[in-house]
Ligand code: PGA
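Take a look at this single chain, the form predicted alone, given in structure tokens.
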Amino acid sequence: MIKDIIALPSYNSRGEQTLKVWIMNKSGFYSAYAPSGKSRGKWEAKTLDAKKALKVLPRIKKRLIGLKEKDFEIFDDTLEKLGGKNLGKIGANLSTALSMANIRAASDNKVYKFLNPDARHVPFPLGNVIGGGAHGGFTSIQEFLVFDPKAKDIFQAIETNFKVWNDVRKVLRLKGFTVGRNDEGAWIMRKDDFKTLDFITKIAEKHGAKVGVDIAAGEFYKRGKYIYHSLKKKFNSGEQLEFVKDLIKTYKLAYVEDPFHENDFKSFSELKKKVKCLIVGDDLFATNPERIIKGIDKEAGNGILIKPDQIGLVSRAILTAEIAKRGGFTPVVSHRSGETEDAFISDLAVAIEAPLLKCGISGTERVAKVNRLIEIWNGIKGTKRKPQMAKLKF
């Protein structure tokens, strides 16, 4: 039974104020941090300024204290009722931290086992090597990503990402192309999108890694056009489709996220028909059950990003992932650009059997996620332990 709830302001990796909450039961205190995204789509649940969220907490506590923490869906239902439309009354940042902390209390910090007692697959990390767009950088494409689909275990998968990241650093410094790192610890390169893809592809191939991109197209979609400032190009919807299709084929991309704006189900569907690639919706679906149902009906891609704070409740994020899998979509659990050392999403990725965990590469707030994957890998014993990546074919 929940005996008390405490919350304090804290800070994320961008130096912005966020929240940390503690839930107390008879066994002790269990905590969680609220992450935050720089590029938040139209369909995401609403957040509150940390100070405002702290002011509404006393009213929330009255409804939560006394609930059984193991009934985490009832806990989340209560938060949803208190939050109102899009959780605007209490803030998705506060509700996410509360929801995560409650599951930790219910499971005594054995989150993935509590959510899925039969869990035996561990996702491989999807790492951001070079960045741009809203996260900081010179490219219009927001993230240039890598992962190792053929790694024999979690250690090799993590090591491959670090090797690519370190090789990129060495070459960029040698040639004077870099000016530092962005919000997610990715290198910033003084080259356009094409030259950046040429560069990262060569290094990734050297290490047996696959390349992916988060185009985050909604960030530069203005008045019916996709405006690539670094390339000095503007595309309408049809031209954007052909452009992305050519990128996938030219660079043998294995993962493409948000190639179109957040309402363009049709283009997602058309692209999926024309390429063999994981076409993932982030802003398109916003971890929302209603949005993914629509996406399945329209065959808008074949993958979905799962971010608990987009929907504001862990139980709803799990529901969205379950619906996605039943509809043939691959769930990919993801961090946010404004992160903390909280590694809850690593447990969540194992619990929902996601093949990939998008968690960055560099920075303690990113490394915490992959270190948690190692702990889980070692906690799953014997023949049950194997990479979830084996289910994906490239």
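On a predicted model such as this, the values are computed, not experimentally measured, just so you know. Note that residue numbering follows the sequence shown and begins at 1.
The same protein also has a form predicted in complex with this ligand, omitted here; what follows describes it.
For this ligand in the model of the complex, the listed stretch (167 to 175, 320 to 328, 290 to 298, 140 to 148) containing residues with heavy atoms inside 4.5 Å is 140 to 148. None of 46, 38, 63, 70 but one reaches within 4.5 angstroms of this ligand in the model of the complex through a heavy atom, and that residue is 38.
When you look in the model of the complex, the only residue of 247, 119, 305, 203 with a non-hydrogen atom within 4.5 Å of this ligand is 305. When contacts are judged by a 4.5 Å heavy atom cut-off, residue 191 does not count as touching this ligand in the model of the complex. Contact annotation for residue 346: none of its heavy atoms lies within 4.5 Å of this ligand in the model of the complex. Put simply, residue 135 is close to this ligand in the model of the complex: some heavy atom of it is within 4.5 Å. In the model of the complex, just one residue of 162 to 196 lies within 4.5 Å of this ligand by at least one heavy atom: 184.
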